[in-house]
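Before any questions on binding or motion, here is one chain by itself as structure tokens, the form predicted on its own.
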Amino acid sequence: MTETMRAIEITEPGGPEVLKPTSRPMPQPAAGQVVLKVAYAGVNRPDALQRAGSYAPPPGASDLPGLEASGEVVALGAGVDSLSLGDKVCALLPGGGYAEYVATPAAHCLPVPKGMGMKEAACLPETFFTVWSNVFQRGGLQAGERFLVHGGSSGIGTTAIQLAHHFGARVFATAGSEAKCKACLDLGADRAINYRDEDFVSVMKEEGGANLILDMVGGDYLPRNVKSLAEDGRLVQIAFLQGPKVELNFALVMVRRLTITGSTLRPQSDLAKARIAESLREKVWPLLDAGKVAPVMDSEFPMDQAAEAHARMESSGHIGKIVLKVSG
């Protein structure tokens, strides 16, 4: 390995144009870490938030964007015995995925599923860690329950639809066009709601209310979500595309025994993320190996076109995942 590598850095807070190619020192693995030669890096909303200056990396993390990648293990830190040099993996990253090499805890790496390419594998960690921990671990989704996911055609949404459907829930999804609604139905949603034409509150009330809602919109969706829930329903908030502050009548929460919770993935401890990885390995990776669930792919950009990839994502025209090709 060389002493320096190509990478994409955030030159200043701003729009996609602030993403610029740069040269950085090669990362070195700390104890418990591995270094990956990156094949593909996933592009996610948190990357855009970091680029805009509103989602700072946690202490000790790389300032380079990129929270997931696929690649080959090329260096092992002290104490790593779960992986070997040459292993092909996909990994949840603390940052730094927009680069030729990246360091990450070995416990946050999972094998590339059988029959899956490196491009598709790079799309798994951020969305599958997020959906599994919030919908199933935090939200407690059970077979037979009514599950509503907003942004059904996003990377998170397409993953949530597939997993909820596979585990026996009735799945409802909101999306903003006929094409996006069709994509949700094709993935297993029982009902796709075009939010430009229909009121999801009315739809869910007619169905008896949602037992669980996964929301990344926020803003005025929060009180509408509360109205959409069934008695004893749960709302899990994972992002705020329309802002985190809103007025809410909490009497509805109390009288109907509702639960409002949420989480963000990146600030969680390495141990917490390792536990999510182990649960995924046991419960979800066999489904990926068998081809029963798979990432939905939107588009691929060369790493040097990271700005164009961000513009694509922020246009909200995409269905599924966007990736950067780094090597291979």
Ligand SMILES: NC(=O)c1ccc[n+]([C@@H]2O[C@H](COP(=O)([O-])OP(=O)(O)OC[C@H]3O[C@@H](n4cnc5c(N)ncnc54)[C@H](OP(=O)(O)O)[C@@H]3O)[C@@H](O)[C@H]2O)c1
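Since the structure is predicted, the reported quantities are computational estimates derived from the model, not experimental observations. The first residue of the shown sequence is 1; numbering continues from there.
What follows is about the form predicted together with this ligand, which we do not show.
For a residue to qualify, one of its non-hydrogen atoms must sit within 4.5 Å of this ligand in the predicted bound form; none of A39, V74 and C109 qualifies. This chain is drawn without this ligand; in the predicted bound form, the residue among A175, L187, V135, L235 with a heavy atom within 4.5 Å of it is A175. Distance criterion of 4.5 Å from any heavy atom to this ligand in the predicted bound form singles out L49 from the list L287, L49, A61, M26. Of the candidate stretches 289 to 297, 27 to 35, 275 to 283, 260 to 268, only 260 to 268 has residues with heavy atoms within 4.5 Å of this ligand in the predicted bound form.
Although the partner is absent here, V253 sits far enough away that none of its heavy atoms falls within 4.5 Å of this ligand in the predicted bound form.
The closest non-hydrogen atom of P113 lies beyond 4.5 Å of this ligand in the predicted bound form.
Mapping the unseen interface onto this chain, F167 falls outside it, with no heavy atom inside 4.5 Å of this ligand in the predicted bound form. Although the partner is absent here, R146 sits far enough away that none of its heavy atoms falls within 4.5 Å of this ligand in the predicted bound form. Taking this ligand as positioned in the predicted bound form, the residues of 119 to 135 that bring a heavy atom within 4.5 Å of it are, in sequence order, E126, T130.
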